[in-house]
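What follows is a single chain, given as C-alpha coordinates, in the form predicted on its own.
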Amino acid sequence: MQAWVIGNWKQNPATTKDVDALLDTLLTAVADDNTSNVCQLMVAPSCIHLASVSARLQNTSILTAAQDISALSDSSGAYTGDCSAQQVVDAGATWTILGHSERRQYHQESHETLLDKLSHAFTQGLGVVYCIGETQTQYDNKQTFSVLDDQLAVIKDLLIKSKEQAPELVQRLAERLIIAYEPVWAIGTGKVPTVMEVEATHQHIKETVASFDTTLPAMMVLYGGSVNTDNADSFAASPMIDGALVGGASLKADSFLAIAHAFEQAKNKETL
(Lines give C-alpha, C1' and ligand atoms only; values in the text may rest on other atoms or scores of the structure.)
Protein backbone atom coordinates (compact mmCIF):
# COMPACT_ATOMS: atom_id res chain seq x y z
CA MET A 1 0.00 0.00 0.00
CA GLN A 2 1.23 3.48 -0.87
CA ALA A 3 1.95 5.82 2.03
CA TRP A 4 0.72 9.41 2.12
CA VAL A 5 2.60 12.35 3.62
CA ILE A 6 0.54 15.53 3.68
CA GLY A 7 1.74 18.99 4.64
CA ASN A 8 -0.86 21.19 6.31
CA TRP A 9 0.58 24.69 5.97
CA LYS A 10 -2.24 26.23 8.04
CA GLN A 11 -2.01 30.07 7.98
CA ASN A 12 1.54 29.91 6.58
CA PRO A 13 3.58 31.21 4.84
CA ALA A 14 2.49 34.82 5.23
CA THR A 15 3.40 36.12 1.76
CA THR A 16 3.32 34.97 -1.83
CA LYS A 17 7.08 35.47 -1.95
CA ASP A 18 7.57 33.03 0.91
CA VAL A 19 5.16 30.52 -0.65
CA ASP A 20 7.12 30.65 -3.91
CA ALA A 21 10.40 30.16 -2.06
CA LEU A 22 9.01 27.09 -0.26
CA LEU A 23 7.73 25.64 -3.53
CA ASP A 24 11.05 26.33 -5.27
CA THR A 25 13.01 24.31 -2.72
CA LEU A 26 10.37 21.58 -2.55
CA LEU A 27 10.14 21.11 -6.33
CA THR A 28 13.92 21.16 -6.72
CA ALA A 29 14.31 18.48 -4.08
CA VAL A 30 11.50 16.32 -5.50
CA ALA A 31 12.97 16.57 -9.01
CA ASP A 32 16.09 14.85 -7.72
CA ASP A 33 14.18 12.23 -5.78
CA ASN A 34 11.92 9.21 -6.35
CA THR A 35 10.03 9.37 -3.06
CA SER A 36 6.70 9.95 -4.77
CA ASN A 37 6.89 6.49 -6.40
CA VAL A 38 6.10 4.89 -3.04
CA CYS A 39 4.95 7.86 -0.98
CA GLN A 40 2.29 10.24 -2.27
CA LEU A 41 3.01 13.84 -1.32
CA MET A 42 0.34 16.48 -0.87
CA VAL A 43 0.31 20.04 0.49
CA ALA A 44 -2.56 22.14 1.81
CA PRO A 45 -1.88 25.87 1.46
CA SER A 46 -4.14 28.61 2.78
CA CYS A 47 -7.15 29.48 0.64
CA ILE A 48 -5.57 32.71 -0.65
CA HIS A 49 -2.61 30.76 -2.05
CA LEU A 50 -4.49 27.68 -3.24
CA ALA A 51 -4.81 28.61 -6.92
CA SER A 52 -1.20 29.70 -7.34
CA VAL A 53 0.18 26.65 -5.52
CA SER A 54 -2.03 24.34 -7.57
CA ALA A 55 -0.78 25.96 -10.77
CA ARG A 56 2.84 25.52 -9.72
CA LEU A 57 2.26 21.85 -8.84
CA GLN A 58 0.32 20.98 -11.96
CA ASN A 59 2.01 18.15 -13.88
CA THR A 60 4.13 17.27 -10.84
CA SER A 61 3.78 14.33 -8.47
CA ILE A 62 2.59 16.56 -5.60
CA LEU A 63 -1.15 16.95 -5.02
CA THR A 64 -2.91 20.02 -3.62
CA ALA A 65 -5.58 20.13 -0.93
CA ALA A 66 -7.76 22.87 0.48
CA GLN A 67 -7.73 23.30 4.25
CA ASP A 68 -11.51 23.55 4.45
CA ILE A 69 -14.71 24.00 2.44
CA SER A 70 -18.09 25.59 3.09
CA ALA A 71 -20.82 23.62 4.82
CA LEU A 72 -23.54 25.86 3.41
CA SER A 73 -23.29 25.08 -0.30
CA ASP A 74 -21.19 22.86 -2.54
CA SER A 75 -21.23 25.48 -5.32
CA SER A 76 -22.16 29.14 -4.68
CA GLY A 77 -24.38 31.39 -2.59
CA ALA A 78 -24.65 34.44 -0.34
CA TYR A 79 -22.17 33.15 2.24
CA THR A 80 -19.58 35.84 2.88
CA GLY A 81 -16.10 34.49 3.53
CA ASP A 82 -16.84 30.90 2.54
CA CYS A 83 -15.19 28.92 -0.26
CA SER A 84 -17.26 26.09 -1.70
CA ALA A 85 -16.09 22.65 -2.78
CA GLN A 86 -16.70 23.59 -6.40
CA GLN A 87 -14.61 26.73 -6.01
CA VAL A 88 -11.62 24.94 -4.49
CA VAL A 89 -11.82 22.33 -7.26
CA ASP A 90 -11.79 25.17 -9.78
CA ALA A 91 -8.72 26.55 -7.98
CA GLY A 92 -6.92 23.26 -8.61
CA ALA A 93 -7.42 21.28 -5.41
CA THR A 94 -8.22 17.58 -5.61
CA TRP A 95 -8.53 17.01 -1.86
CA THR A 96 -9.63 18.90 1.23
CA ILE A 97 -8.85 18.60 4.93
CA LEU A 98 -11.98 18.49 7.09
CA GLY A 99 -12.59 18.22 10.82
CA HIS A 100 -9.22 19.53 11.95
CA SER A 101 -9.18 20.15 15.70
CA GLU A 102 -8.44 23.83 15.16
CA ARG A 103 -11.63 24.15 13.09
CA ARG A 104 -13.55 22.23 15.74
CA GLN A 105 -12.13 24.44 18.51
CA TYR A 106 -12.13 27.92 16.97
CA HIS A 107 -15.18 27.55 14.71
CA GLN A 108 -17.24 25.16 16.83
CA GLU A 109 -17.78 22.74 13.94
CA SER A 110 -20.55 20.33 14.84
CA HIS A 111 -21.45 16.82 13.72
CA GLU A 112 -24.05 18.27 11.34
CA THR A 113 -21.61 20.81 9.92
CA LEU A 114 -19.02 18.15 9.16
CA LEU A 115 -21.65 15.86 7.68
CA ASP A 116 -22.60 18.63 5.25
CA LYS A 117 -18.97 19.37 4.41
CA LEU A 118 -18.14 15.74 3.65
CA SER A 119 -21.23 15.43 1.51
CA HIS A 120 -20.33 18.58 -0.45
CA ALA A 121 -16.75 17.40 -0.93
CA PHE A 122 -17.73 14.04 -2.39
CA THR A 123 -20.47 15.61 -4.52
CA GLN A 124 -17.81 17.77 -6.18
CA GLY A 125 -15.31 14.91 -6.51
CA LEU A 126 -12.93 16.04 -3.80
CA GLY A 127 -11.03 13.54 -1.72
CA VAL A 128 -11.27 14.11 2.04
CA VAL A 129 -8.65 13.90 4.76
CA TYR A 130 -10.91 13.64 7.79
CA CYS A 131 -9.23 14.59 11.08
CA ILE A 132 -10.17 13.14 14.44
CA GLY A 133 -8.53 13.22 17.86
CA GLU A 134 -8.99 13.62 21.59
CA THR A 135 -7.96 16.40 23.99
CA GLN A 136 -5.45 16.04 26.82
CA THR A 137 -8.24 15.73 29.39
CA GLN A 138 -10.02 13.06 27.36
CA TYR A 139 -6.74 11.18 26.91
CA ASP A 140 -5.99 11.37 30.64
CA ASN A 141 -9.49 10.08 31.41
CA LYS A 142 -9.02 7.16 29.00
CA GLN A 143 -11.84 8.39 26.75
CA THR A 144 -9.89 8.28 23.49
CA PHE A 145 -11.87 5.50 21.80
CA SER A 146 -15.28 6.85 22.82
CA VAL A 147 -14.36 10.33 21.57
CA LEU A 148 -13.14 8.92 18.27
CA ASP A 149 -16.29 6.85 17.93
CA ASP A 150 -18.37 10.01 18.23
CA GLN A 151 -16.26 11.75 15.58
CA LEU A 152 -16.32 8.74 13.25
CA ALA A 153 -20.12 8.64 13.49
CA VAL A 154 -20.11 11.41 10.85
CA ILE A 155 -18.87 8.82 8.34
CA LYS A 156 -21.54 6.34 9.40
CA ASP A 157 -24.26 8.96 9.00
CA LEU A 158 -22.86 10.01 5.63
CA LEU A 159 -23.06 6.41 4.42
CA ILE A 160 -26.67 6.16 5.55
CA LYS A 161 -27.53 9.49 3.92
CA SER A 162 -25.73 8.56 0.70
CA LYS A 163 -27.46 5.20 0.37
CA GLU A 164 -30.81 6.90 0.73
CA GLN A 165 -30.22 10.00 -1.40
CA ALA A 166 -27.14 9.55 -3.59
CA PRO A 167 -25.86 5.94 -3.83
CA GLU A 168 -23.01 6.99 -6.12
CA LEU A 169 -21.42 8.89 -3.20
CA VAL A 170 -20.78 5.61 -1.36
CA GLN A 171 -18.26 4.56 -4.00
CA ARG A 172 -16.61 7.98 -3.95
CA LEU A 173 -16.30 7.80 -0.18
CA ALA A 174 -14.75 4.35 -0.41
CA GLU A 175 -12.15 5.56 -2.91
CA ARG A 176 -11.50 9.10 -1.66
CA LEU A 177 -11.46 9.10 2.13
CA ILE A 178 -8.39 9.15 4.35
CA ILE A 179 -8.59 9.47 8.13
CA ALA A 180 -5.95 11.39 10.05
CA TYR A 181 -5.67 10.64 13.76
CA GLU A 182 -4.33 13.75 15.45
CA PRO A 183 -4.48 13.80 19.25
CA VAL A 184 -5.18 17.44 20.06
CA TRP A 185 -2.69 17.38 22.91
CA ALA A 186 0.12 16.45 20.49
CA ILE A 187 -0.48 19.11 17.81
CA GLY A 188 2.34 21.63 17.91
CA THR A 189 3.18 20.79 21.52
CA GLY A 190 6.12 18.45 21.11
CA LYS A 191 4.20 15.82 23.09
CA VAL A 192 3.95 12.56 21.19
CA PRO A 193 2.08 9.32 21.99
CA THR A 194 4.01 6.08 21.81
CA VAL A 195 3.95 4.07 18.61
CA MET A 196 2.12 1.33 20.50
CA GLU A 197 -0.62 3.79 21.50
CA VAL A 198 -0.96 5.04 17.93
CA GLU A 199 -1.10 1.49 16.57
CA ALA A 200 -3.88 0.54 18.97
CA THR A 201 -5.82 3.67 18.08
CA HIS A 202 -5.39 3.16 14.33
CA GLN A 203 -6.55 -0.44 14.63
CA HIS A 204 -9.65 0.74 16.48
CA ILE A 205 -10.35 3.36 13.80
CA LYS A 206 -9.99 0.87 10.95
CA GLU A 207 -12.18 -1.73 12.64
CA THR A 208 -14.83 0.87 13.51
CA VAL A 209 -15.10 2.22 9.96
CA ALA A 210 -15.13 -1.32 8.54
CA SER A 211 -18.12 -2.08 10.76
CA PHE A 212 -20.12 0.70 9.07
CA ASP A 213 -20.23 -1.03 5.69
CA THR A 214 -18.74 -4.36 4.65
CA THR A 215 -18.19 -3.08 1.11
CA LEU A 216 -15.72 -0.42 2.22
CA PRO A 217 -12.06 -1.21 1.49
CA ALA A 218 -9.48 -1.13 4.27
CA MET A 219 -9.35 2.45 5.52
CA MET A 220 -6.10 4.38 5.26
CA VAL A 221 -5.23 6.09 8.55
CA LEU A 222 -2.46 8.67 8.95
CA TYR A 223 -0.90 9.95 12.16
CA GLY A 224 -0.52 13.66 12.89
CA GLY A 225 0.71 15.58 15.92
CA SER A 226 4.28 16.86 16.29
CA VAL A 227 5.56 14.56 13.53
CA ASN A 228 9.16 15.50 12.78
CA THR A 229 12.42 14.14 11.43
CA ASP A 230 13.33 12.68 14.83
CA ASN A 231 10.25 10.47 15.25
CA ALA A 232 9.14 9.80 11.66
CA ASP A 233 11.16 6.57 11.39
CA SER A 234 9.42 4.99 14.38
CA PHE A 235 5.95 5.83 13.08
CA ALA A 236 6.79 4.77 9.53
CA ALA A 237 8.03 1.38 10.72
CA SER A 238 4.54 0.41 11.86
CA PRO A 239 2.38 -1.29 9.19
CA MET A 240 -0.67 0.08 11.02
CA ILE A 241 0.36 3.72 10.26
CA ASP A 242 -0.22 4.60 6.60
CA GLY A 243 1.45 7.99 6.52
CA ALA A 244 1.55 11.35 8.24
CA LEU A 245 -0.29 14.65 8.35
CA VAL A 246 2.51 17.11 9.01
CA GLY A 247 2.21 20.63 10.38
CA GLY A 248 5.24 22.78 11.19
CA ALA A 249 7.76 20.35 9.70
CA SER A 250 6.07 20.71 6.29
CA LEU A 251 7.10 24.37 6.07
CA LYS A 252 10.68 23.38 5.30
CA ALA A 253 11.27 21.20 2.26
CA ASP A 254 14.13 19.23 3.82
CA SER A 255 12.20 18.16 6.93
CA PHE A 256 9.02 17.44 4.95
CA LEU A 257 10.90 15.21 2.51
CA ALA A 258 12.85 13.53 5.31
CA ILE A 259 9.54 12.42 6.80
CA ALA A 260 8.43 11.20 3.37
CA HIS A 261 11.71 9.28 3.01
CA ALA A 262 11.03 7.51 6.31
CA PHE A 263 7.73 6.20 4.99
CA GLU A 264 9.21 5.41 1.59
CA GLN A 265 11.92 3.25 3.14
CA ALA A 266 9.44 1.51 5.43
CA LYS A 267 7.09 0.68 2.53
CA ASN A 268 9.98 -0.60 0.46
CA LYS A 269 10.92 -2.98 3.27
CA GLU A 270 7.35 -4.26 3.46
CA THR A 271 7.51 -5.31 -0.19
CA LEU A 272 10.76 -7.26 0.18
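It should be emphasised that the depicted structure is a prediction, and the values quoted were computed from it without experimental measurement. In case it trips you up, residue 1 is the first one in the sequence shown, and so on.
Omitted from view is the form predicted in complex with a small molecule, to which the following refers.
Residue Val246 is the only one of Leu222, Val43, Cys39, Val246 with a heavy atom lying within 4.5 Å of the small molecule in the predicted complex. The listed set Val53, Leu26, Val227, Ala65 contains one residue whose heavy atoms approach the small molecule in the predicted complex to within 4.5 Å, identified as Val227. Relative to the small molecule in the predicted complex, residues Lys10, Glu182 and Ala186 are all within 4.5 Å by at least one heavy atom. Although the partner is absent here, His120 is not a contact residue: none of its heavy atoms lies within 4.5 angstroms of the small molecule in the predicted complex.
With a 4.5 Å cutoff on heavy atoms, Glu102 counts as touching the small molecule in the predicted complex. For the small molecule in the predicted complex, the listed stretch (159-167, 136-144, 94-102, 69-77) containing residues with heavy atoms inside 4.5 Å is 94-102.
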